[in-house]
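Take a look at this single chain, the form predicted alone, given in structure tokens.
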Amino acid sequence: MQDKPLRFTGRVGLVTGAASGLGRDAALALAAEGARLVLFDRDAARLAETAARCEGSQAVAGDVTRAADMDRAAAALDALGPATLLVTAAGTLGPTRPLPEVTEAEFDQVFDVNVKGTWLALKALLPRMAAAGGGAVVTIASGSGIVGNAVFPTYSASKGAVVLMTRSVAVGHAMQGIRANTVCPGQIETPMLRGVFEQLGDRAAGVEAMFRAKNPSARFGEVQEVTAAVLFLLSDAASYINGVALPIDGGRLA
């Protein structure tokens, strides 16, 4: 029996938020299928751990909200070859409080990381993809970017912006051979989800039970289930899929 063909052999790309969670798993899976990557995150120690498991990849530690740091990542990409893949997984949850109780600094931080960080990655990669003759983008949004969320409304607003930014890229750059899709995970077993419950304190058990009760699958998702969708959307098998906001939530938004 022949080995399964590697879908990304010879492809070069950037993964932000590669030190943990969805970004880390996407990076590991892409590298396992032949991609050479620049891995970007502000957590240098954990980023190095990811890079050690991604053959042919380079780690660039930096802040996704800083254009100069993103420029360093782009320069590292240029050394690897024409860039045709992008996964934007860097994100932050922010406060789990009603909007009137959110401070200006907290609001700015959430939008800086989730929205500006995604924009800076797109700003760096889209011209490079166009020069390479095309490419594929997958941004990480959230089910909370499709419908409102009373538990973390600031996060929900920022992820809604990511959804429409991605769809705008899809319609604006299709003629350059670039596809852009976003995945919208529901409750996935990640450090970020556990961070939600930590912030909620005494309310955590009740909110977790509510999340589970509202899900037809009666469980939280696994990171690998999101990664499978990300890699499909990046692959040639999804060549006619563009501008999709794909819920990965066990039927929660059905």
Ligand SMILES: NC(=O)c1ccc[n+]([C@@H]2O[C@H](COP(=O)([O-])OP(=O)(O)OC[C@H]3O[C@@H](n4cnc5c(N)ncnc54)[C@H](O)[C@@H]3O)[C@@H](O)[C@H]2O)c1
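So that there is no doubt, residue numbering starts at 1 and follows the sequence shown. In this text, all values refer to a predicted model and were calculated from it rather than measured experimentally.
Keep in mind the form predicted together with the named molecule is missing from the figure; the text below concerns it.
Shown alone here, Gly17 lies within 4.5 Å of the named molecule in the model of the complex, counting heavy atoms only.
Using a 4.5 angstroms limit between non-hydrogen atoms, Thr182 is distant from the named molecule in the model of the complex. Interface residue remark: Met192 is counted as part of the site for the named molecule in the model of the complex, having a heavy atom within 4.5 Å. With a 4.5 Å cutoff on heavy atoms, Gln187 counts as touching the named molecule in the model of the complex.
Stretch 141-149 is the answer when you ask which of 141-149, 98-106, 76-84, 163-171 has residues with heavy atoms within 4.5 Å of the named molecule in the model of the complex. For the marked spot (Ala130, Gln176 and Leu233), a heavy atom within 4.5 Å of the named molecule in the model of the complex is absent from each of the three residues. Of the residues given (Glu225, Glu33, Glu208, Asp63), Asp63 alone sits with a heavy atom within 4.5 Å of the named molecule in the model of the complex. Interface residues of 218-254, taken as those with a heavy atom within 4.5 Å of the named molecule in the model of the complex (partner not displayed), are absent.
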